[in-house]
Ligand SMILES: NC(=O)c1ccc[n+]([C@@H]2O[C@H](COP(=O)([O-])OP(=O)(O)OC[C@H]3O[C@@H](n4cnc5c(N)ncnc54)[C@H](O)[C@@H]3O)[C@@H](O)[C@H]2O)c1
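Take a look at this single chain, the form predicted on its own, given in structure tokens.
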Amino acid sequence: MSSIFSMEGKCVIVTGGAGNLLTPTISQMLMLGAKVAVADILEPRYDQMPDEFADNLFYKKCDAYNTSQIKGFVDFAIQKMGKINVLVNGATFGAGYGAHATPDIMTDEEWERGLAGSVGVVFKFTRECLPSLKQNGGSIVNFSSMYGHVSPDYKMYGESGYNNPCNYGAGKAGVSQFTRYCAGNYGRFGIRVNDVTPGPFPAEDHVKANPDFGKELAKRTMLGRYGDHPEIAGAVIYLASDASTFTTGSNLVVDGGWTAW
């Protein structure tokens, strides 16, 4: 069974790959034989990557809000790897967290930046990668969110300051629809398009700074805990690899049961 999850011959772009959530996934992809180009404003966490596969990891700084930098990054990735046959759209940025989270307070600028940082960045990277993907076939794995499917409960956030903004969930719901649209339009080129819906995978420093917030997250899942970052890797690798060759237009939920109550 291990062979169908092999990443040998896979040339992968991972956006937002320097973050907590996707660092373990990139490490696993490298160990399974992939070449990986990371697009992020921060460098990958090289200390968490397997040294023996260092030659298969490529990085170029990329501001996901800047279209010209996205174009330049895709050119860089093709130059380094020869092609693209997997795109993992993990990058996200936002605006309006905390005090400005709700529609009665959020400004136009915050609303628009939040959409740009969720569904907008997925659109831009997909557009720029499609010429190579149409030549080679392959897989696009988009990142949605549980808040693209259900509403956050404002009571959960208390005084944490982490209140989830309305533009985030609206944009992530858009990611899921964009996924289905692309799956329907590009299947004829051998391109599969799916999305992953993570549940609560908080940054460790957020939990340490506000343990009550962490407890609220944990008790709302069926498993009674929040996710550990390596636990998203299996879902992404399944959709990126040949283990899922008949899977497209789907949403794979990894949320500990949060959205199934």
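Numbering starts at 1 and follows the sequence shown. The structure displayed is predicted, hence computed values, not measured ones.
This next part talks about the form predicted in complex with the ligand, which is not shown.
Colleague: Does the trio A95, G114 and D195 actually contact the ligand in the predicted complex, every residue with a heavy atom within 4.5 Å?
Modeller: No, the candidate spot makes no contact with the ligand.
Colleague: Can you pick the stretch from 185 to 193, 138 to 146, 72 to 80, 104 to 112 whose heavy atoms fall within 4.5 Å of the ligand in the predicted complex?
Modeller: In the other structure, the partner sits against 138 to 146.
Colleague: Would F213 count as touching the ligand in the predicted complex under a 4.5 Å heavy atom rule?
Modeller: Although the ligand is absent here, F213 would stay clear of it in the predicted complex, with no heavy atoms inside 4.5 Å.
Colleague: A64 versus the ligand, in the predicted complex: is there a non-hydrogen atom within 4.5 Å?
Modeller: Judged by the heavy-atom cut-off of 4.5 Å, A64 is in contact with the ligand in the predicted complex.
Colleague: Please run the contact check for Y168 against the ligand in the predicted complex: heavy atoms, 4.5 angstroms, yes or no?
Modeller: Residue-level check for Y168: yes, a contact with the ligand.
Colleague: Taking any heavy atom pair closer than or equal to 4.5 Å as contact, tell me whether L22 reaches the ligand in the predicted complex.
Modeller: Yes, contact at 4.5 Å.
Colleague: Using a 4.5 Å cut-off on any heavy atom, which residues of 171 to 203 would contact the ligand in the predicted complex?
Modeller: In sequence order, K172, P198, G199, P200, F201, P202 come within 4.5 Å of the partner.
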